[in-house]
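Structure 1 and structure 2 below are two forms of the same protein chain, each written out on its own as structure tokens.
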Structure 1
């Protein structure tokens, strides 16, 4: 019936407009919440929210490779490091640089370079993407466990270079005295941009192709999809946002050294996206938010407690025990993570509210 399809088309248009409006409202709500925290929140709350936004950016971009493309990539710490060092070298004042490099002076082009924060962040992202481009050729020649090992190796190589290349990175001494540029607007702004960019990409035909590669690479190739091209695209975008997040991280904690970018960083990101649900951007956001907030909230279990006059001293490390228990529970009861491969969408929400309410 032509009438029905016309009606359907109208419904679709209406829904798109409704969703766009709701997205806008959600953004405004987020902005208002951030404004409230910025104005009335304590520094501690603001710090946790900043960490949360940076972890969200990292987890969402990491999930694009591991979850959406189904590639076990273990080297995001390298891209974070590249972004952090690049942006730090660009924003530090010449005087601060001179004070930092006490053993070997900073090499020439870096010692005079200076850029505003936004430029530094983008430069960090671009350089990370450039390195991703360079290593993509060897990396995508292999798959599965072998790819994991190659990327893991790359992560270690970058860390070792940071240690050894003293006239650029100041070696293991690290850099300190970075200006506090990262605030709630920067970190959450980048997080929102990352979420939007990644989810638009995943919904596009490129994203569908990436998922096809994840499910069956040979079948995807038979359908005319070029795996290398699509994986490279995902890899570059992921590296770019990881680099930007690295710059934000550097200007939040205001000091960096190679120890910040060890495999543990990658490992934490992996936990976030697995708990959230591999392949789900919503899941990555939830996982990262829980990780950033949970780690601090669980400090309660390490504090000394007084029960009926009995003083029990706090046990350091207790929160890691509780944290692992929570992880195990999540993996046992929600094997595919909190979200599985599902995404949050307004349609889904309305559907659930309408039909869920009727069912209950």
Structure 2
């Protein structure tokens, strides 16, 4: 049936071109929306969008190792901290460093190093990936709860070092007065690159091997898949983008300290990927977007309210209680999250539209 085969190949080629065109139009629409917010939006709206983009980068990269590979990794806060401190130290001028390090001077060569923002972001990601490579050998010798404990311990070790190593991190005082480099174009540009890179990886043969390891590592090994090589690849890529996101976060809030990189950050990322759907890049994006927007929308529960003449004082931290309740509801009634392990595609969207039109 050469004719049918040729026709099928032509249809596949046309579908690929159509999807590529739609992806380009979606990017242009995103760029236009960012332009409008950048020019006409309030500082509050721009800050939410920046937070959303950084959370998307963190959630997508974190989901690669936790959702796609099925490894319970509890130390992303360490890589975010490494990227944040590295990029901050590289972008600060020598005068700014002298003003920050008032108890103990910054050690050489960090005291004289200076680099553009892009170089600092890449350096932060590479250093985070380097530390991921160093700990990968003991980490991937264990599985399950033991692996989670090892990565959790690494995250705490990095936080303690940031708190104690004053000649590099300035200890509990942290770093203040960082330049405001992170804007909508930087944060969303990195988010788009992260989504594209992770999606391409998941759809490749390496991604299929990672999923095979997640489902049954012994069977995957019997099929000739090297679990360590594929898990290491995912671990390094996840750490790199986490480090880059840490640099963006540092230059958005302009003040960093060890208290910013506790397990609480990892807990937030877990909420995002579990609510969105473990193993789904689309779900990670949705979960991060809902978390960034919902975190601001739920500020009302921390404000004092008056009901029937009775004044109820605001309770700090109530937002996280609500988030925890939402997580419990999702686990009980939608155990696979919003997307499960499904991904958004234009073919899926057109199928839904045609199916809905046919039912009407």
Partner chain sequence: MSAKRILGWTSVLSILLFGMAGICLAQDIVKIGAYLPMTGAVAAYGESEWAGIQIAKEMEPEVLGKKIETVLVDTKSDKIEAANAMTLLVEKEKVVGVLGEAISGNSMAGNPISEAAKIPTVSPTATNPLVNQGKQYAFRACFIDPFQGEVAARFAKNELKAQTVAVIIDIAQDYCVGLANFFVKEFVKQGGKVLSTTYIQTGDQDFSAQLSAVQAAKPDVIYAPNYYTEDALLAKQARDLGIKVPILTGDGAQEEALLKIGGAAVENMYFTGHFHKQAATSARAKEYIKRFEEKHKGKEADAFSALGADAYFLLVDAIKRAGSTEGPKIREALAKTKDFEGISGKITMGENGNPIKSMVINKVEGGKFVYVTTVNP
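Owing to the predicted nature of the structure, the values given are computational and were not obtained by experimental measurement. Residue numbers count along the first chain shown, from 1. In this text, rigid core is short for the largest set of C-alphas that superpose within 1.5 Å between two forms.
J.: Of these two, which one is the form predicted on its own?
T.: Of the two, structure 2 is the form predicted on its own.
J.: On a core-based superposition, does residue 45 travel 2 Å or more at its Cα between the two structures?
T.: Superposed on the core, residue 45 moves its C-alpha less than 2 Å between the two structures.
J.: Determine whether the C-alpha of residue 323 shifts by 2 Å or more between the two structures once the rigid core is superposed.
T.: Moves: yes, 2 Å or greater.
J.: Mind pulling the C-alpha shift for residue 332 between the two structures, with the rigid core superposed, in Å?
T.: Comparing between the two structures after core fitting, residue 332 shifts 2.9 Å at its C-alpha.
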